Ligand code: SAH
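Just the one chain here, the form predicted on its own, laid out as C-alpha cells.
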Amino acid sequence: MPFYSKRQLLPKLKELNIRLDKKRGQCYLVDENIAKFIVKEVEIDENNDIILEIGSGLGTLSDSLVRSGKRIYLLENDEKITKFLYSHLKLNYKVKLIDLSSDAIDFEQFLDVKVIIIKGDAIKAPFPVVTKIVGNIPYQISAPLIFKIIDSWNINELKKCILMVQEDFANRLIAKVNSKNYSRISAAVGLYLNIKKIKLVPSSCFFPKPHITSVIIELTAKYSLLVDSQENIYRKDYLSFLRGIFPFKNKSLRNAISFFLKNNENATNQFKYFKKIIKNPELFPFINKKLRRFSPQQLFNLMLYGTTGKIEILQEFE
C-alpha cells in the first residue's frame, strides 16, 4: 500500500467516503519519516514476531509491519477502512477479515494466515497473543487502552509496545508521587511497566493538524509481571483497588478507603481487612496521610493487607 501524504490523503478519504472527527482524535500521520521511525523502533524479528497494530487507518504502518513480521493483526473499528485494507493486502498476502462486533473468536484457527484484519473496538475486543503491540492512539481511549494492556500483559509472550500518544498523557503515565498529575494510571504503570519517551512528534506531522504535541513511547514489563510474583498474582485486585480509591486522591488514605468501601458493595468483602485500620487509626497513623503521597508499591502492599490480612505487610509504614 502506498504511504499517503496530506495531498494524497484528502482525495483518498473522499473516495472512501470517510469523514474524520477531530473531536474524537481522528488524525492521520502524514510524515513518512515518523512512520519509518516507528517501524524501526519495533525491532521486528521476521521469523518470530507476531504483531498487533491498534488503529490501522489506511495502512500508514501496516504494509511495513506485514512485510517485516511473521504474522500481523490489524485492529480497526471502521468498516470502510477494514474493507479497504482487505482489498489491498489480499493482492500479496493470505488475509482474513473478521468481525468481532458480535461473536468472540478463536485466533488459533488463523495460525497459517499472514494478515488478520479485525473489525472491532480496541477497548472491547479481546487481544490475540502477540509479541509486539503498535499504535497511534487517540486521546479518548488512551487511558482505558493502557489499563487493558496492563491487565492482559503476558510476560512470556508480549515483549514491548510502541505507542504514539499525546505528550500530556505520557506525562501522566510517568507522574511522580504527590505531584499534580499523579493518578490511578500513574500508580498502575508505576508498578507494572517501564515507560520511555522515545521521540516527540509535532502536530504538523498529522492531518487534520491537532492542537497538541504527540510523543512515541515504549512500554516494557517490570519484574512485577513475572508469573509467580505477588504483584502479578494480585494484579486484578490491585487494579480494582486503584479504581476505587483514586477518585479521592486528595483525601486521607483512611477517608479514601472508607468512601471506596461505602460506594462499592463488593469491595467490603474483597478487602475485608481494611475495617481494622479504619476503625483503629491510632494503631496505623500512616492512614491519615493523603492518598497521593503513597507510592505504587506502598499502595500495592496496602491492597495486599486489605485482601489477606497479613499485618507484617504494613511494617514498612511504621
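Just count from 1 along the sequence shown to find any residue number. None of these values were measured; they are calculated from a predicted model.
This protein has a second form, the form predicted together with S-adenosyl-L-homocysteine (SAH), left out of what is shown; the following refers to that one.
*Asks:* Flag P128 as yes or no: does it have a non-hydrogen atom within 4.5 angstroms of any non-hydrogen atom of S-adenosyl-L-homocysteine (SAH) in the predicted complex?
*Replies:* So P128 does not count as contacting S-adenosyl-L-homocysteine (SAH).
*Asks:* Quick one: is L29 in contact with S-adenosyl-L-homocysteine (SAH) in the predicted complex, heavy atoms, 4.5 Å cut-off?
*Replies:* Within the cut-off, so yes.
*Asks:* May I ask you to check whether N232 falls inside a 4.5 Å heavy atom distance of S-adenosyl-L-homocysteine (SAH) in the predicted complex?
*Replies:* Taking the distances in the predicted complex, the answer for N232 is no, it never comes within 4.5 Å of S-adenosyl-L-homocysteine (SAH).
*Asks:* At 4.5 Å between heavy atoms, is G244 in contact with S-adenosyl-L-homocysteine (SAH) in the predicted complex?
*Replies:* No, no contact at 4.5 Å.
*Asks:* Within 4.5 angstroms, counting heavy atoms, which one of the listed stretches 224-232, 146-154, 178-186, 114-122 is next to S-adenosyl-L-homocysteine (SAH) in the predicted complex?
*Replies:* Checking each option against the 4.5 Å cut-off leaves 114-122.
*Asks:* Could you check which residue among L75, I133, L219, L89 gets a heavy atom within 4.5 Å of S-adenosyl-L-homocysteine (SAH) in the predicted complex?
*Replies:* Answer to the contact question: L75.
*Asks:* Pick out the residues of 128-152 whose heavy atoms come within 4.5 Å of S-adenosyl-L-homocysteine (SAH) in the predicted complex.
*Replies:* Heavy-atom contacts within 4.5 Å come from N136, P138, I141.
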